[in-house]
Ligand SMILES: Cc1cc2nc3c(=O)[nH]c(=O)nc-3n(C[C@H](O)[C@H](O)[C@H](O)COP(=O)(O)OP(=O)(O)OC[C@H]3O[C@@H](n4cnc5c(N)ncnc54)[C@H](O)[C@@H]3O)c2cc1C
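In the block that follows, a single chain appears as structure tokens, in the form predicted alone.
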Amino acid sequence: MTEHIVVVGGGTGGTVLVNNLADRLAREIDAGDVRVTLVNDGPDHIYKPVWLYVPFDESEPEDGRRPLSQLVDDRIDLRIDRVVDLDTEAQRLRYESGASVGYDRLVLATGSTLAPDEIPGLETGGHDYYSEAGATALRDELISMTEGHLVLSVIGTPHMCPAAPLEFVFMADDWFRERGLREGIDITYTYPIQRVHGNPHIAEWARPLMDERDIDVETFFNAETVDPEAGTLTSMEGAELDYDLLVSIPPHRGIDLVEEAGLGDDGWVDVDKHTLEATAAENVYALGDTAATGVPNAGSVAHYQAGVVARRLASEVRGRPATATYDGKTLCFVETGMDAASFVEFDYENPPSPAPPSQKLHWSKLAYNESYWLTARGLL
């Protein structure tokens, strides 16, 4: 009888995982003993880090988009559809198209969705670069900005790419300076707790850089409402900021399917942070943003977790104990301007220690962005 592994979500985690499985389980797949299906609700794979560069006219949205059919191994069944119902007891999925399918093992890699509607006025009063449409609209606003007050407000946590808000204000500061406009533009950064980043080590590193560059900081600022007509952002604590351009990190949520299936709250799957197995259902894994592990919602996390899940699934299929575990490994380049970057690497046991910014690290990040497609194909 053929064992069916279903992976839901064709982002970094899901794509790297199925290509890894195609390699590890090639013999079983070719023999018809194992079938692997990747389900995604659209035909394209999106590499979201590219969107950070779009507002500064350094990249185009299409630079971060490739058809999944070009990235996924031929041994994998690729289905473009949306999963609308999940029964973990019966081990069955139902698709938006109406079809229903059973699984033996399921991996949820459904990622994050933006929920700006949770903040009154944010949808019309703010811009973001966490979506393709948001990044292109923000590009138009930035290019036309010659003076005024730019506010970046981190509203939702956790959120994709935790370093990206810091990167944006560092890049904006440098970008306006290069164009001779910085003296007429104030930049303010807000964060919901009493430091500039969720990780205290990164916050301790970043704050002096912000002070050196005259980037104003408002910590313990939990944005509550936006008044687009007045150009004001008000916090739960009663503070109010006037803005000419508001760039927000909107609230993030997972997908309703996860909560409806009883796997976790707000669309995040409760998992064992080392094995990535769902705690509320058997034969279910989650990885990347979908897995509530406490590590950053970053592409590198999904990449490393995909390798762990692939090894565990291969062991299980072959009737062996699954011993591979995830140690919390995360790495990230952090842009500190338009031509300099830092680098951090950490795990559950070892905290981050950001490297001194350099042009070399900036070019390393750009080189990785270009080579990312090899990673998605499972070649790196």
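All values reported here derive from a predicted model rather than from experimental measurement. The numbering used is simple: start at 1 and walk along the sequence shown.
The form predicted together with the ligand is left out here; the points below concern that form.
With respect to the ligand in the model of the complex, the three residues L52, G299 and K365 uniformly fall within 4.5 angstroms at the level of their nearest heavy atom. The ligand is not drawn, but in the model of the complex it has a heavy atom within 4.5 Å of T110. Residue contact with the ligand in the model of the complex: V8 places a heavy atom within 4.5 Å of it. Although the partner is absent here, Y130 lies within 4.5 Å of the ligand in the model of the complex, judged by heavy atoms. M210 falls outside the set of residues with a heavy atom inside 4.5 Å of the ligand in the model of the complex.
Contact with the ligand in the model of the complex, defined as a heavy atom within 4.5 Å, holds for exactly one of I76, L106, V308, I255, namely I255.
For the options D33, D41, D347, E316, the one in contact with the ligand in the model of the complex, meaning a heavy atom within 4.5 Å, is D41.
Only one listed stretch (234-242, 156-164, 277-285, 171-179) carries heavy atoms within 4.5 Å of the ligand in the model of the complex, and that stretch is 156-164. Using a 4.5 Å cut-off on any heavy atom, the residues of 59-82 that reach the ligand in the model of the complex are, in sequence order, D81, R82.
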